[in-house]
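What follows is a single chain, given as C-alpha cells, in the form predicted alone.
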C-alpha cells in the first residue's frame, strides 16, 4: 500500500506511473489527497478542542478550591460542550480514515522506471535467452503421455479424490517431486537462505499483508467457518513472519526459503494450456523471500534473478528471462522478472518463476520497520521469487530429456533421485 505522504508529495509522478500499469481510476489520487486534507483539518481542530478541554478541567478544580461553585458549574458545562464536539470529531475521523484506507487499498504499487510499456504478455521484454533447445528423436511425445508411460502421476484418481487440477503423484513421479524439492532447498540454503516450513492456511491479516486481499479473493480457496485462506504461495506466510515487528538494521538482509504446496483456483485456460501439469489447482513450489534495506533492494533483485538463473541452468533447461510490462504485472509488484523454460515436445515456453521487488508496498501493510543510524524509523523493502515451481519444471524435464533409454535426469538430481534416469 502506498503511503499518503508519498502520494501527496509526488502527485504527478504517481499519476504518471499508475498510467504504466493501466490503472483506470486515476481520480482516486486527488480524492485521497483531499480526504487527507480533511483528516488533517479535523485532527487539528480536535487537538485544539482537547487542549481547551484539559485547560477548562484544570480550572474547575481551582474554582472549586476558591469556593466559586457557580463559576465551576459554568466551566463544567463548557467541558461537556467541548467533549461533545470532540466525540463528533472523533467519529468523523474514524469514518474518514476508514474511507481513506479503502481508497489506498485500491491503488496498485507504482512500477519501476525499468518496467516496459505494454498491456499484454506479448509486450513483455525478453532480456535474455539461453540454452540450446533440444532436437527430440522421432516419436517424442508431450509430458502427459510420458507420465502415463512411466506411471508417474494418476490424474484420474486425483479427480476422484478431489477434482480436476489435483494430481496424484505416485512411485517415481512422487520421488522426482521430492528430489526436486530437496535440491531446490539445498541450493537456496547454500546461498545463505534460512529454511522455514510455514502453515498452509493463513488468516485475513496475513493475506492482506502481502496484497492477496483485497485484490485476489477469487483466486484463493477460502474456508468461511474459520476465516482462513489456503496459501497461493509460501511468500504469503513467510513474509508475514516479521509483520508488526521492528527489525535491527544490522540483521538486514533477512533471507528466507520455504517449500509448500500452493493452492490456486486458476481459471480461464483451455485446451493444451491445461493438459497434464501445465495448469493445476495444487502444486509444489520452493520460494525465496528477502527483507532488505530500501537502498539495496534493486541490487538484491538482481542477485535473486542471478540466483534463480543459476538454478535453472543447473537443470540443463533452455530458458529465457522476461521483464514484465506494466499491464502484465501483479498489483503489488514494482518490477518483476519471469523465468520461462522451453518445453520441446509442446514447442512452447512455460513460466516457472517470478522474481519481484515490492519495495515498501507490502511492508507498509505489515508494518515491518527498522530504525536507521539516525534513529529514524523506516520501512524495509520486500522481495520474493520462485525457486522453483515444480509442475512445469517437471514437464520440461520429462519432455526435453526423453530418449530410447527412458528419461535422462540432470546430473544434479542423481543423488537426490537415487538414479540417473527414469525407466
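Residue numbers count along the first chain shown, from 1. In this text the structure is predicted, and so the values were computed from the model without any measurement. Here, rigid core means the biggest group of C-alpha atoms that superpose within 1.5 Å across both forms.
What comes next is about the form predicted in complex with the RNA, which is not displayed.
Heavy atoms within 4.5 Å of the RNA in the predicted complex map, among the stretches 354-362, 51-59, 24-32, 390-398, onto 51-59 alone. Using a 4.5 angstroms heavy atom cutoff to the RNA in the predicted complex, none of 157, 281 and 320 count as contacting.
The contact with the RNA in the predicted complex, taken as any heavy atom within 4.5 Å, belongs to 83 out of 293, 133, 83, 175. Just one of 254, 125, 79, 189 comes within 4.5 Å of the RNA in the predicted complex, counting any heavy atom, and that one is 79.
For the chain shown alone, residue 70 is not a contact residue for the RNA in the predicted complex, no non-hydrogen atom being within 4.5 angstroms. Using a 4.5 angstroms threshold between heavy atoms, residue 241 stays clear of the RNA in the predicted complex. Looking at residue 246, you'd find a heavy atom of it within 4.5 angstroms of the RNA in the predicted complex. The shortest heavy atom separation between residue 66 and the RNA in the predicted complex exceeds 4.5 Å.
Looking at 360-391, the residues that come within 4.5 Å of the RNA in the predicted complex, counting any heavy atom, are 369, 371, 377. The rigid-core alignment places the CA of residue 75 2 Å or more apart between the shown form and the other one.
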